[in-house]
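Just the one chain here, the form predicted on its own, laid out as structure tokens.
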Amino acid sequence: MRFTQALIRTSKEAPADASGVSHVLLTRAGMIRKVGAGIYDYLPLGLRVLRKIEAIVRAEMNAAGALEVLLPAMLPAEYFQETGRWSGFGDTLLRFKDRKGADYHLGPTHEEIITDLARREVKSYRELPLNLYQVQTKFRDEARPRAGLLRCREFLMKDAYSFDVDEAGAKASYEKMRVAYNRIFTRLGLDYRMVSADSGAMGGSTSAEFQVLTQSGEDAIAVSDGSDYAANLEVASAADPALSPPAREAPLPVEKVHTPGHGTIADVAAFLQAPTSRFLKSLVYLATRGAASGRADEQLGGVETVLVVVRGDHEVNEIKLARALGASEVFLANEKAVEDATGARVGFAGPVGFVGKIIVDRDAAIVARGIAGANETDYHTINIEHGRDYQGEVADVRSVVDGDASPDGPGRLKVYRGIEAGHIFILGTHYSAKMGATYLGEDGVAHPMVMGCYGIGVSRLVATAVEQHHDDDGISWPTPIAPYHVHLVSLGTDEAVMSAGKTLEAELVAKGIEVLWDDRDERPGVKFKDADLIGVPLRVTIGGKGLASGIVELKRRGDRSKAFDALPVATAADEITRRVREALG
């Protein structure tokens, strides 16, 4: 493709509303354009990247034995009503009525529709296992679409669903997808980790995410430096402290001390000259098992008040807390609710004397001579011990931190940032049982199919790759998903240069190499800056001086040195082809 014939509009500055590295660079490189909040056009360069990612995903899904289907994006309400998600999905669901007044929505995910397909098409155990997938546009009315393609209201997703006769079969299907996903992300050229995760609103178990490591990621993951353990911070655990408890200090009598005006742990630690690890941070939470708004200042019937105790240098993990309580949602109580529950202002809550349910984190439960609020404004209690001075259910409800012991034995945990690019988990019979998706077994009895769910954010991967592969000058695409393999830059428009460019382009294209030729009548600096911004892996420069010496110049994107490889004109196409194929693996 020649630059003068392509729709490539680069810019020095990004629009004022562009946020995040990928949003800025994809916009500046002329690959995407905003249409509305969370809605984007893909221009030719951006679409080439999207299609390459899509092709790799398709190839590996097909190789794993999955069968491609295409389900509708516009869906009648009855399927989500059948499973309870019509109301449960909340405001994220884009709903509308047709001209007859019937309720419809745009599909945010397709568990119900694929389950309906299976219940209509599959009758016998002989037809299982079955894995169906699609690559299709999804719609979610995100409250705060942001960062360009990373969080959109309209996006392209690959979602697959497996159907098996039993749990053992479902695990075998899951394992095939695990292998396929590892192959996909490796082929995409991304540095990633597969981590244990929470399956969230979709339900299910045996959940794992594929996190692409990047400091701009919205997710945090914990990885052991001495084992294969890796987990999303939402579910990550450290080693149980009870297995190797520290030497216990002799207990001391409980005392109440005056701490006027000192309500934060940092203030009280300085006032009492004690380490924060001795403090028992006591937080009042509200927990509900039904649908709730998440606002602590509303009158919510049936909401349970819980005091959660963690060590002073730790933080509550609300995902783990909700699981420990069997709650659908937990959120911090407001000031009035705290005062009602403890009789004191915020900052002075504590477990001693608290009336109500108490959850104590494992690390907090072994703190000796602990310090906590006295449930009395401007007072704290010191030398308190779990089991002696207060009771409470012990559970793992804190977030792990750098340096925690790995839960599987060897190694210490390190916390990284990441972007979730894929998610696999076993759904079980969550949808099939509700929707009557059964098969007739060898025993002649109808059984619900055991399902698995496997998603990849295809359009999100365009942005994710940029977040991981860029520098101050622009994008640096991995070769397998780059819009082109080679960026050919001709310096000047004299006949010799243009003729050499035309010849090299033709030779490379004949060998299956994708070439973007910047044939514009522009200054070299402008062309080089655009080449760096667009991020094609190899740049080949043809100029009069080089041709006079019988060479063209080859440079890899990201090489900041002034050096380049001088390739003889006669063999340049062969050498460039070799390097491209090597990078493609």
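Heads up: residue numbers just count along the shown sequence, starting at 1. Computed from a prediction, not measured in an experiment: that's the story for all the values here. Think of the rigid core as the biggest set of C-alphas that the two forms share within 1.5 Å after superposition.
Below: the form predicted together with the RNA, not depicted.
Site residues Lys12, Arg140 and Met157 are all in contact with the RNA in the predicted bound form, judged by any heavy atom within 4.5 Å. Interface residue among Arg85, Lys281, His105, Arg398, judged by heavy atoms within 4.5 Å of the RNA in the predicted bound form: Arg85. Of the residues Arg146, Lys336, Lys123, Arg95, just one reaches the RNA in the predicted bound form with a heavy atom at 4.5 Å or closer; this is Arg146. Heavy atoms of Val310 never reach within 4.5 Å of the RNA in the predicted bound form, leaving it off the interface.
The RNA in the predicted bound form is not approached by Glu60, whose heavy atoms all lie more than 4.5 angstroms from it. At the 4.5 Å threshold, heavy atoms of Lys52 stay clear of the RNA in the predicted bound form, well away from it. At the 4.5 Å threshold, heavy atoms of Lys529 reach the RNA in the predicted bound form. Partner contact region in the predicted bound form: 147-155, out of 147-155, 97-105, 399-407, 360-368, criterion any non-hydrogen atom within 4.5 Å of the RNA.
Once you line up the core between this form and the one not shown, the Cα of Met498 stays within less than 2 Å of where it was.
Ser124 is not among the residues whose C-alpha shifts by 2 Å or more between this form and the one not shown once the rigid core is aligned; its shift stays under 2 Å.
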